[in-house]
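Presented below, as structure tokens, is a lone chain in the form predicted on its own.
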Amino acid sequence: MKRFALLSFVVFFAFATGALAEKPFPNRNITDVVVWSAGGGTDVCNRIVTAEMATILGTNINVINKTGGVAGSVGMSHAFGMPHDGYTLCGLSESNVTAGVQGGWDKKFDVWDAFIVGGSPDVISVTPDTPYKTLKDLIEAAKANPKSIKASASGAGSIHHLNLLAVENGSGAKFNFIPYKGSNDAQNAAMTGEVSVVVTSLAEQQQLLRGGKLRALGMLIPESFDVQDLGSIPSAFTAYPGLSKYLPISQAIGFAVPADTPADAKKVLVDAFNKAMATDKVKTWAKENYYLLSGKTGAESKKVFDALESNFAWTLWELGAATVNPETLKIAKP
């Protein structure tokens, strides 16, 4: 009898263990390693979307922050060093594509498969005491007196700087670019009169625009944009159609998994991501915070990040702000 009971227990244990091993992905908690600090745009995007994904997947997605290094290289290295099984996500943004040419990462960005939540579009604005009431006023003044108007767009090679360069290339204007460490510093410089023009995201500028600290002249996307208490901000493309050759260059905030993650795990994550992006919570959050949702994955997101990496890396190299030649990483020229 005892032998029968023991045999039954062994059979049951083996069956239970086998059943657990065969349980489909995910069968335990997932960790999302955000490479930027808590409370920032990438962090908030990840927390909003993964909370919805967790409900859909029926498991926890724990968001942690690992900052530092060059262009988020500490967090990326940590996430990439974990098993490539779908249980570790890497919360990142378009800025991470510069880690390679800045010496913090020895790989191209295509070692990741990205899930793009979206981003807030850039807006070109001026301080209220300037004489520029429209984008045409500003551009024509900059064309008449090249480099006489000081403009900032955070650090050299940032997405905002690239958008300022695109405005110059598409309109013929030439500004006197003054780099700052980040968007807040660039916006503060405009408010203190150090510069007259600033290019940052609408999400970053919204409170300053409402408070009359800045005056928006144009969205750097093909469409106008409605902002609460301000009305519609026109598209810069309306006055200068030539911008369409260079713009838009948009934020790409979201998360990624290593490209060699098993296909079945990626399929489950893509399905949960798509469903999360379609929820009212995500849509409402995006609308209230002036984010344009993307939802791109797979080949679509790869195309976006390939273009961003090429543009960012070669711009930094040509500005003398990169330590590694993009050619050594086999990054194609734009």
Partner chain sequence: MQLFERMGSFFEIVGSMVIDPMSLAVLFGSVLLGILFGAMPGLTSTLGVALLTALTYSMNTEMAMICLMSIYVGGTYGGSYASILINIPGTAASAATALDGYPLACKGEGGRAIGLTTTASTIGTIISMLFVVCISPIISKFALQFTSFEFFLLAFFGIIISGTLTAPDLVIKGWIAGFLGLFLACIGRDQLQFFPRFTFGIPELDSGIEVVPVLIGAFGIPQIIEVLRSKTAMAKAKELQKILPEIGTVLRNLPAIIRSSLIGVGIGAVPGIGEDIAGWVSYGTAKNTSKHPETFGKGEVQGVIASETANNACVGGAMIPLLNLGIPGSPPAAMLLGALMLHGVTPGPMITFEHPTFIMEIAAILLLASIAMWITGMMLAKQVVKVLRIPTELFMPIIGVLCIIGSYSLGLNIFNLYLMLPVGIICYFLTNMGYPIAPLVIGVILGPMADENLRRALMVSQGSFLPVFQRPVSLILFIIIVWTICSQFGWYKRGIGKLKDILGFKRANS
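Numbering follows the first chain given and starts at 1. None of these values were measured; they are calculated from a predicted model.
The same protein also exists as the form predicted in complex with its partner chain; that form is not shown, yet it is the one meant from here on.
Heavy atoms within 4.5 Å of its partner chain in the predicted bound form map, among the stretches 123-131, 150-158, 257-265, 216-224, onto 150-158 alone. Looking at its partner chain in the predicted bound form, residues Pro24, Pro26 and Val111 place no heavy atom within 4.5 Å of it. The closest non-hydrogen atom of Gln207 lies within 4.5 Å of its partner chain in the predicted bound form. When its partner chain is considered in the predicted bound form, Gln102 lines it closely, a heavy atom lying within 4.5 Å. Shown alone here, Lys66 lies within 4.5 Å of its partner chain in the predicted bound form, counting heavy atoms only.
Residue contact check for Thr238: none of its heavy atoms lie within 4.5 Å of its partner chain in the predicted bound form. Interface residue among Gly242, Gly211, Gly81, Gly231 relative to its partner chain in the predicted bound form, by the heavy atom within 4.5 Å criterion: Gly211. For the residues Ile48, Leu308, Ala54, Ala276, the 4.5 Å heavy atom test against its partner chain in the predicted bound form is passed only by Ile48.
Residues Asn176, Phe177, Ile178, Pro179, Tyr180, Lys181, Asn184, Asn188, Met191, Thr192, Glu194 are the members of 172-205 with a non-hydrogen atom no more than 4.5 angstroms from its partner chain in the predicted bound form.
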